[in-house]
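Next comes just one chain, in C-alpha cells: the form predicted on its own.
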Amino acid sequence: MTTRIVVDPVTRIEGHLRIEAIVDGTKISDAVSSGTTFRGIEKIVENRDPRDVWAFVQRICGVCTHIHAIASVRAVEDALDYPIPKNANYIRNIMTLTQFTQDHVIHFYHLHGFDWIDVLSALKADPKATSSLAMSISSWPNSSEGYFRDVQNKVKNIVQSGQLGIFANAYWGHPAYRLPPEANLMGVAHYLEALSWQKEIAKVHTVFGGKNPHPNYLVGGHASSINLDDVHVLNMERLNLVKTKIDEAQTFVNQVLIPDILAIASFYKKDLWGGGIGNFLAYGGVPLVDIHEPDSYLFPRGIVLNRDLSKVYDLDLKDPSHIQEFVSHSWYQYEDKDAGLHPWQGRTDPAYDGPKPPYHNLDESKKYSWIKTPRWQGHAMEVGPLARFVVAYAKGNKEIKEMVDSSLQKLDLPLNALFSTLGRTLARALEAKFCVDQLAGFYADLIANIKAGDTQTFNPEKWEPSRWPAEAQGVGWAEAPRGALAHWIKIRGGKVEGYQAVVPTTWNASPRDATGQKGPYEASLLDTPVAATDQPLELLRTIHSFDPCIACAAHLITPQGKLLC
C-alpha cells in the first residue's frame, strides 16, 4: 500500500519547512522538501553602504546571527583587500566557537532530543536506578536519587495539569523509542539543565559584541576596544568572565552532552538509516592566522564524493564553474530556467506559480520550493558537522579522527555508521566537544597577545570609501553550525550593487535540479522506516539530524506578492 504523508511545519522553531513523503509499505520510497516562505534579504541590502550590510543580513536568522555577520564583513574585506588585526581574528574565532558550542547543545536537547527521548516514559523511571545510570557514565554532580526524583515530580505536575507546554505535540509511546525509562528520565533532566546553561555561554557574545542575539561587528576588525584599565571597554574583568564561561561550557559538554550522546546512541545503534547522498562539502573556517590562509583553518576545507575517504577535492568559491544555484524547481525566474548561476551573477526574482493555500500536495514535477538549488560542479552536497568531520577525517586530521574512531569503538560500530541519521547526530555532539576544547586555546592566544602589548582591534586603513576602487567584488565564507556559509558581494561607487547568500540549509534542503537529482533532505529519507504513517517519528528524526533552520534559506514577501524591500 502506498501513502503520501505531509509534515508541515517540521521544526519547533524556524519551521517553515514542508516534507511530503511517499510511504510504500513500511518504508519511504520518495520525498519532497519545500521551503514555504520567501526571504529577499539580498534585495534589501542593494544600494546600501557595504560597511552596514552585516547589520541587515545577520537578521536572516535569530540563531546564527554571528556567523552571517562575519560572512558579510569578510565579503566586504575580501572585495577591498582589507586586512584585520590579529586580536580581531582571535575574537571572531572565540565568538564563532562559542556559537557552535551553544548551538549544538541546544540542537540536541531542545530541537532533536525528544526524537530519541520519550518524556512520558520518564515518569515510570526509578529515580534511584537513574542516579546509578548517570553516575556510571559521568562525574556530573547533579546525579543523586533525590535530584532525579524532583525532576520526575516536576514533569509529573506538568503532565497532570493537562497543559504539556514544551512537551506537547510529540509522539510519546511511539514504537521507535528504544530507551528504558531511567535513561529517558536522565535525558529529560539534562534537557531542563541545558535550558539554563545555554544562556550562560551566550554571555561571551555580549562581552565582545555588546548583546546577544545580534552582537555588533565592524568591517576592518572588531567593534570592541581593549584597555585593561578602562571600565567602559574590554578589560580584564570582562575577559575573566569569558574564561569562566568557557570553563563552564567545557564541563557541561564533557560531563553531560558527550556521555548522554554515547549512552543514548548505544540503544539506537541498529537504526543506521538516513545516510543521504554521500557527497560532503566544507568551506573550512576558524583561521588560526588569516581567512585567506586555508592551511591554517581549524576546520579543513574540501569535497568528498560518494563517501570515498581516499580523496578530497579542492573548491574555489570564486570560480563560476564551482558554486552555482539553479531554480528549475524553485519559485524564481532566470532567463534560462535550467541554467546555473554563480552567486556573483545570481538573481533573486520571485516567480510563484505554485498552488494557492490551503492545498493538499505539491507537484514535484513543477516548481515546489522557495529554496534554490545550489550545486558544486553539478553535484548535490551535504553540509554541516558530519560533512566537516568527513572532510577532516579524509584529510587525516589527527584530533577529529581520534574522536570519531574512539566513539565508534565504544559503540562497537564501523566507520560506515557515520553515514546515517545517528552518525549525523553523533558528529554534531563530537564537534561541540572539539569546539569547546579549542575555545580555551584561542582565549589564551588573545590574552598572550594583549600581554605582549598589542591591543589593536581595528584597522582604519581602508575605512573611508574614498580609498576604495570604483568597482570591486568579494566573497566571505565561514562554517556555520549547520554547515558551509558564504556571502557574495559586488560593490560599485561605494554602494552594494549585488548581493547573494548561499546558506547551509539551502544546500541541505534544496529541491531537485534540472536533472532530477534530489537534495540531501530528500535523498536521506529514502528507505527510512515508518512504523505509523500518522506518527512519522522516524522521518522527523532524520530531518532534525540536519538541524534544519529555514529562516536563512527562505525569503519574505507580502500576501499580495509585493517585495518587502
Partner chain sequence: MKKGSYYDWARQKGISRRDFLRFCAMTAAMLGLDATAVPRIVEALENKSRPPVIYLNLQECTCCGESFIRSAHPLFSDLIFNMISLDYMETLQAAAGTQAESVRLKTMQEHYGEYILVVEGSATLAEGGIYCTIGGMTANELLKECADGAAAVIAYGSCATNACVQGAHPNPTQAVPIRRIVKNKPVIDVPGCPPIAEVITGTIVHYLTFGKIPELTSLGRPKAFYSKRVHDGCTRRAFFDAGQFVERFDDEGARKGWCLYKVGCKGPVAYNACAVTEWNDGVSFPVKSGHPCMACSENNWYDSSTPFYAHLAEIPNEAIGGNPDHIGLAALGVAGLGVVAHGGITAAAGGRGKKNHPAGSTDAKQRRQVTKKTNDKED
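Residue numbers count along the first chain shown, from 1. Since the structure is predicted, the reported quantities are computational estimates derived from the model, not experimental observations.
Keep in mind the form predicted together with its partner chain is missing from the figure; the text below concerns it.
Each of 44, 114 and 223 comes within 4.5 Å of its partner chain in the predicted bound form, counting any heavy atom. The listed set 457, 184, 279, 138 contains one residue whose heavy atoms approach its partner chain in the predicted bound form to within 4.5 Å, identified as 457.
This chain appears without its partner; in the predicted bound form, the one residue of 244, 406, 161, 321 with a heavy atom within 4.5 Å of its partner chain is 161. The chain is drawn here without its partner chain; in the predicted bound form, the stretch among 501 to 509, 516 to 524, 22 to 30, 534 to 542 whose residues come within 4.5 Å of it by any heavy atom is 534 to 542. Contact check for residue 317: no non-hydrogen atom falls within 4.5 Å of its partner chain in the predicted bound form. Residue contact with its partner chain in the predicted bound form: residue 199 places a heavy atom within 4.5 Å of it. Its partner chain in the predicted bound form comes within 4.5 Å of no heavy atom belonging to residue 272.
When its partner chain is considered in the predicted bound form, residue 102 lines it closely, a heavy atom lying within 4.5 Å. With contact defined as any non-hydrogen atom lying within 4.5 angstroms of its partner chain in the predicted bound form, the contacting residues in 338 to 352 are 350, 352, given in sequence order.
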